[in-house]
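A single chain, nothing else alongside it, follows as structure tokens in the form predicted alone.
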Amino acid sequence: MGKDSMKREELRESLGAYLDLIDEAEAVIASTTYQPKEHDLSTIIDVLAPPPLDLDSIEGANLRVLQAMVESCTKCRLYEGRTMTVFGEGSVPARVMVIGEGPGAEEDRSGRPFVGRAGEYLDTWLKSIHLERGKGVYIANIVKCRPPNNRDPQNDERAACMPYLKRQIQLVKPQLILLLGRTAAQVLLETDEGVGALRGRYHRYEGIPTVVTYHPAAVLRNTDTLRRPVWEDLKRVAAFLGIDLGRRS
């Protein structure tokens, strides 16, 4: 038995003995026969002495365990050059889960998603439809480590990270998923089509309504052409969520 398991068992015995004393005292006061009881102590023991993290099983992991798994992950070459993993952050459950391609330089330094110039631009998108980072919105990426020189994640790198993202989506329970850019759209929707062909309609991922639009970094490079299509996509998000764009945020 490991140290953590011994600690949990000792705590279980101590709590059990304490509750037995209380039950016995109550029986004496009530002048009744003391009958030992079975106490379910699992919840309080999990709070006082959390079980050790199982870093080998994604299925059933909560967000805390999942993040620990990501932080120690060496399943693909991207871990070799990372400064920090970028797990994701935001509200749980979420109205919208925004999923991009992967961390950039700012994200790699901070460990937070979309904090560079593209992230600031994304914040203005959310504000335009009365949403806000961390308030009904959860933000993540296809891969959790920065690809060298911001290149596209390679197939094996995407495959290594997808189990984490799939479990993350299950835990975040978004009402709608917003996919930013070609890589995010192609990986999650399992398609070879580009953003231009995929945007403009609702898709489904595991039954969750999904909208595809251009990546903020791409729009910053081509504002005149891409800003209007993105606004149409954002209005589609707002319409699904029942957000009245005529009111002030």
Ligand code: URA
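In this text, all values refer to a predicted model and were calculated from it rather than measured experimentally. All residue numbers refer to positions in the sequence shown, first residue = 1.
Just so it is clear, the following notes concern the form predicted together with the ligand, a form of the same protein that is not shown.
Applying a 4.5 Å heavy atom distance criterion, does Gln168 contact the ligand in the predicted complex?
-> Close contact is absent here: in the predicted complex, Gln168 is far from the ligand, nothing within 4.5 Å, heavy atoms only.
Do Pro174 and the ligand come within 4.5 Å of each other in the predicted complex, heavy atoms counted?
-> No - in the predicted complex, heavy atoms of Pro174 and the ligand never come within 4.5 Å of each other.
Is Thr85 close enough to touch the ligand in the predicted complex, meaning at least one heavy atom pair within 4.5 Å?
-> Because no heavy atom of Thr85 falls inside 4.5 Å of the ligand in the predicted complex, the answer is no.
Tell me, yes or no, whether Gly104 is in contact with the ligand in the predicted complex, where a contact means a heavy atom of each within 4.5 Å.
-> It does: once the ligand is placed as it appears in the predicted complex, Gly104 has a heavy atom within 4.5 Å of it.
Stretch in contact in the predicted complex with the ligand, which is absent here, among 69-77, 104-112, 123-131, 159-167 (heavy atoms within 4.5 Å) = Going by heavy atoms within 4.5 Å, the stretch is 104-112.
Out of 124-158, which residues reach within 4.5 Å of the ligand in the predicted complex, heavy atoms considered?
-> Residue within 4.5 Å: Asn141, and no other.
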